[in-house]
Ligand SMILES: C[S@@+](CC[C@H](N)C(=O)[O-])C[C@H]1O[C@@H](n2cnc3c(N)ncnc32)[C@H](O)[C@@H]1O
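What follows is a single chain, given as structure tokens, in the form predicted on its own.
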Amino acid sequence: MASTLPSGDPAPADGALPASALAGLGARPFGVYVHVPFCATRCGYCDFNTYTAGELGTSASPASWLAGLRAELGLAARVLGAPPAADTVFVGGGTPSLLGADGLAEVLTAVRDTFGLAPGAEVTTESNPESTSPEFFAGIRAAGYTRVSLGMQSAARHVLAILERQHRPGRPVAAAIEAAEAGFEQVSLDLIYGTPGETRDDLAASLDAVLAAGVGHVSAYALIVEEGTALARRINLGELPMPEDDLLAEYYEQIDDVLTGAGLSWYEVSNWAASPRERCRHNLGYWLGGDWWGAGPGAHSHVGGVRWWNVKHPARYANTLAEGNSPAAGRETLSAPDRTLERVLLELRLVDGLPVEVLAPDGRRAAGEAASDGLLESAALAEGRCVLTRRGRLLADALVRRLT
């Protein structure tokens, strides 16, 4: 597969964590991420850790994956000792909806049996529109899911074709409405912008469709051309143009104008919500330095400054756990400077911003210069927080380097 795991230190076979990582467990937000590695087809732009049935053959299946998942959750309970109840659960992929409502119910039952769910827990599953139905949404709502995130990408047929998405242009809106009718109060639609051949009118049509769906949350990500993908090969051969940074910036501003005008406010650089209640609490846990256990092939975890990642292939994942060992392929313990850098990188992307006191003296001076350059809100900086302007959102990665 195109995706790669980071380098790191060897992970212990029993998955044990140092006492320093377990200190304070439960005082910080705690989430559970479950990675479903299965897809019906491979999209041309995707470099996620996913596999089609043809790629797996008989080496792995949803049944062997689920057995591995249950074993890993049991491992988590032993490693964490008295694991806290999950504030959030996020089932991602891959295509979780390929498991069907019954399969997703089994996943949530396994998580609930291991960790329990905190009162008011947010439980999200990603779903591809073409593998959903009114019966599917009714089934997962009855199972305890509270939030659905639907991969829309675009409403333009030719854009979907370039991305090699399989759903019909109108299906995501219909799926969002079906989810709401099944009782979901939190439904998100995900867009990708900047696909070769996408026009401003195409993007406008996609935004019109999002608004017609009546969802309270929208994610919009600029297309990233990942090496090793089919899309990258087409661009390298000159069949398609590489997305231009200036055009991506224009498209971002177009998205922000339309969504803000419709009452959805940005709360993270690539995410808009109709109210704080509609924000994705699971992702906020990532951005605010919480703890989470990532279960499944290639999943990443973080507890108390220790981060680790699982082996990628579903067969190796299941076999390792069947042997009684942790599926972790490697891990790292973040140093104090590493944790500060990550805090700046992540919290700066949020609408509430980053406390200036986190920055070193040189960083504070750079923040003042960034406010003069129109990248940070001057009023917020005067109150002790670094908050991005819209221009700052477009240049957030470069600004992090200035501040650190």
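Here the structure is a predicted model, which means the values were calculated and not measured. For every residue, the number given is its place in the sequence shown, counted from 1.
One more form of this protein should be noted, the form predicted together with the ligand, which is absent from this view; the next part is about it.
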Name the stretch: of 89-97, 288-296, 251-259, 107-115, exactly one has residues whose heavy atoms fall within 4.5 Å of the ligand in the predicted bound form.
89-97
Looking in the predicted bound form, any heavy atom of residue 212 within 4.5 Å of the ligand?
no
So, in the predicted bound form, is residue 192 in contact with the ligand at a 4.5 angstroms heavy atom limit?
yes
With a cut-off of 4.5 Å between heavy atoms, is residue 48 one of the residues that contacts the ligand in the predicted bound form?
yes
Contact between residue 217 and the ligand in the predicted bound form at 4.5 Å, heavy atoms?
no
Quick one: of 198, 126, 178, 278, which gets a non-hydrogen atom within 4.5 angstroms of the ligand in the predicted bound form?
126
Which pick from 185, 208, 332, 226 sits with a heavy atom within 4.5 Å of the ligand in the predicted bound form?
226
Residues from 128-156 in contact with the ligand (non-hydrogen atom within 4.5 Å) in the predicted bound form:
128, 151, 153
